[in-house]
Every structure is written in structure tokens, then in C-alpha cells.
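Read the single chain below, which is given as C-alpha cells and is the form predicted on its own.
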Amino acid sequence: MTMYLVIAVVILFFVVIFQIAKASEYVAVLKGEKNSKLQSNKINGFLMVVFLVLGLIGVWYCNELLFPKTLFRFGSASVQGEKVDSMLWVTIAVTGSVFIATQILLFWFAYKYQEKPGKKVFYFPHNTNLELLWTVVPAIVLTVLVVIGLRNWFSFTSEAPKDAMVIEVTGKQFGWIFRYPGADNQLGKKYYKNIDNASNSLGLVWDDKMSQDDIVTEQTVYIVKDKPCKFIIGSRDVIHDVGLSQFRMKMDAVPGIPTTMWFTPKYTTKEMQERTGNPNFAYEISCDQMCGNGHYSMKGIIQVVTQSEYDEWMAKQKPYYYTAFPDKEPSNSKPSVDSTKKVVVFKEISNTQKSNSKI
């Protein structure tokens, strides 16, 4: 109902403007061309002030209405993302204040200095000091903002801490593949020509011992709260982009060119469900680069858990090697029996049967 009311008010507002414009045309016909021009300037100047006031009220109202629905309401879910948030707030404060000041001056000047009888235009062709002011000051401010942005960028694209967990993230049309190092804590080699959707979605090189204990999952990745996590990012086909909106992180996934970023989660998924009051809350990993017809559906889930929960989950996983070679999985292999032992056992059974028959 509120939406219909707002639409009706907007339509009514434009109808009123249209009627005022038509009335001014009729007045112009009666008063003559010069008086018509002055009357038109007066109306336009008044409308400029009205538009200014309504525009500022609209900006404030939209902020009050929509801010609770944004991700900023609950802050960043990663330590590194806090710097991104602070940088964004500084940028909004600087650019927002400049925007409001310039818009007020723009519309107010249009009203105050409209053409009137007896007024002459002041010709102001050049002022070096003024031009230096509005060139140098913005350049300095923007340079500071760029430096802050680069510092934050390098903080999570630089080398991760030594104790960071390492996970490989690979994009494909239209989903995500995650690889964890096995007991050797090393990711094995892979080769794109080995890719087989049925048994080797990443093209792992099975002759490499380090590949044989790697664990591969799709769509859902598990990371640990308060522990640095390094993503090694790549793509299997076209350019994708790893977007971690709740953590304020993103990085391109480029075929053949691995990229990296690392962050430290602050809250588990369960804690965020309590903080947001949403029992269905889930951290998302989205593709922030148009990558094809199914781009809209390319998203995965990040489960942030405690260390004990992660260890319990990891204990249930099995190396991806056994997907390609199920017969080599220990639980599927049959114990071998020595043939000589079979012969001995058979002779013992036959001798026992003979002795029993004599008795």
C-alpha cells in the first residue's frame, strides 16, 4: 500500500509541474516575450530549490530505509575486511560531503542569480589561484584515498602467515571446486589435459605422490574461525571472480594464472546466524565476473567452523585419488592370502579327515 501511495504522490507532483508550465505559457502570451522569459526563469529557479530540498530528503530517506538491508549493518566478517569497511566510510564521507556541498551551491545559485531587470552578468574568464585550488586539492585527496586502498589491497594479497590453512579454489561454468592438501600438507601437481568431469575434475597428476592424498569438494568449502586462510585461485575455462561479500574480499580467477588472497574469519556460520537473527544465513562465494548464461547461478557456500568441528569434518573426507581408483581404497581392497599357506591348511584338513576315518 505504501508503494502505491509513493507512486501516486510522484505522479501528482509531475502533474502539478506540468500544469504550472502550461500556465506560464498562457501568462507569457498575455505579457509578451520578455516578461515571459523572466517569468519562466522565476519558475525554474523556484523548481530548482524544490528539487534540491526534495532530493536531499530523498537521499536521507533512502539511507534510513535501505541501510538495514545492506551488509554494512553487521560489519565485516573478516579481520582484513574491517580495513576495507573503514576505507569505504572515509571515501563516502569525503565524496558525500563534496557532493552535498556542490549540489546545494548549484541549485541555490540557479535560484539566487536568475535573470532579473536591472542586473548585469559579471564576466569572470580566468582566475589562476582558483583553478589551482580546485585542481590541487582534489588531486591530493584522491591520492591519499588511492594510497589507503593500495595499502589495504597489499595487506591481503601479500604472503599469508605461515600457519595459514591453504585451499585451492577453481572456478568453472558454473560452480566452484575446492581442494585441500592431505596429510603431507602439500597440494599436488595438476595438468589441464588430465581433466575428466567424472573422476578428475581438476586434472590432478596421479603419478605425483602429493596429489594422491588431496581432498576435493564442490560448492561448499570449510574454513576455521580466527585462523588465517589462503585461497589459491584459478579457473578451468573462462575468467571468473571469487566474490566474498561478507568478508569484503574479491579476486579474479584467471585460466592459467593463479592468484591469491588471504583473510581471517571472525565469526562462525552459527554465530552469524545469531547475530543476524537469520537461521538460514550462510556465507556465500559468488562469481563477480560475467562468465556466461549460467553466471547468475554460480555461487557456493562457505562454512566457517571451529577447529574441532573442522577436524571432525576433515576426518570423514577421503582423498580424491580414490574417486579415480576406487579399487585402491583400503576399505575396498581384499586381504591377500599366501598360496603356500592355503596348501598347508588343505593338507592339515585332509590328514585330519583320514585319521578320523581310521578310528
Partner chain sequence: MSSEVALDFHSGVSSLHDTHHSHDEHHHHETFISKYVFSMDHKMIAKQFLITGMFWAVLGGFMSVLFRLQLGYPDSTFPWLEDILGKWAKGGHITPEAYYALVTTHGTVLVFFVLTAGLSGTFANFLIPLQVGARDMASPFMNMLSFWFFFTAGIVMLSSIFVETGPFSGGWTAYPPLSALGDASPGSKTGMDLWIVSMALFVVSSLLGGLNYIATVLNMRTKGMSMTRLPLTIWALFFTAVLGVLSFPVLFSGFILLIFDRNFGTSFYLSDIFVNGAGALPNEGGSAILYQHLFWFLGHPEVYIILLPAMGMVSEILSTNARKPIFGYMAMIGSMFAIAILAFLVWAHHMFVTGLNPFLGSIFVLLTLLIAVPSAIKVFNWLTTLWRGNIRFTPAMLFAIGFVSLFISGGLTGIWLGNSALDIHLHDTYFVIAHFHIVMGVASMFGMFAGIYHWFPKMYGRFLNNTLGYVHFWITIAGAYLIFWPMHYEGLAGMPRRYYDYSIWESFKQFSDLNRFISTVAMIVFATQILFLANFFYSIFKGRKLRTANPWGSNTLEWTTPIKPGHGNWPGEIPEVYRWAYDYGKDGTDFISQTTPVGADESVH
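The model shown is predicted, which means the values in this text are computed figures rather than measured ones. Residue numbers count along the first chain shown, from 1. In this text, the rigid core denotes the largest set of C-alpha atoms whose superposition between the two forms falls within 1.5 Å.
Keep in mind that the form predicted together with its partner chain is missing from the display, and what follows is about it.
The candidate stretches are 205-213, 255-263, 160-168, 179-187, and the one lying within 4.5 Å of its partner chain in the predicted bound form by heavy atoms is 255-263. Contact annotation for the candidate site: Thr70, Phe99 and Leu105 all lie close to its partner chain in the predicted bound form (heavy atom within 4.5 Å). With the partner omitted here, the residue from Met272, Val224, Ile239, Val79 that has a non-hydrogen atom within 4.5 angstroms of its partner chain in the predicted bound form is Ile239. In the predicted bound form, its partner chain lies farther than 4.5 Å from every heavy atom of Trp313. Contact check for Tyr267: no non-hydrogen atom falls within 4.5 Å of its partner chain in the predicted bound form. Put simply, Pro326 is far from its partner chain in the predicted bound form: not one heavy atom of it is within 4.5 Å.
At a distance threshold of 4.5 angstroms between non-hydrogen atoms, Ile195 is in contact with its partner chain in the predicted bound form. In the predicted bound form, the residues of 142-166 lying within 4.5 Å of its partner chain by at least one heavy atom are, in order, Leu142, Leu145, Val146, Gly149, Leu150, Asn152, Trp153, Phe154, Phe156, Thr157. Shown in the overlay between this form and the one not shown, fitted on the rigid core, is a CA shift at Gly149 of 2 Å or greater.
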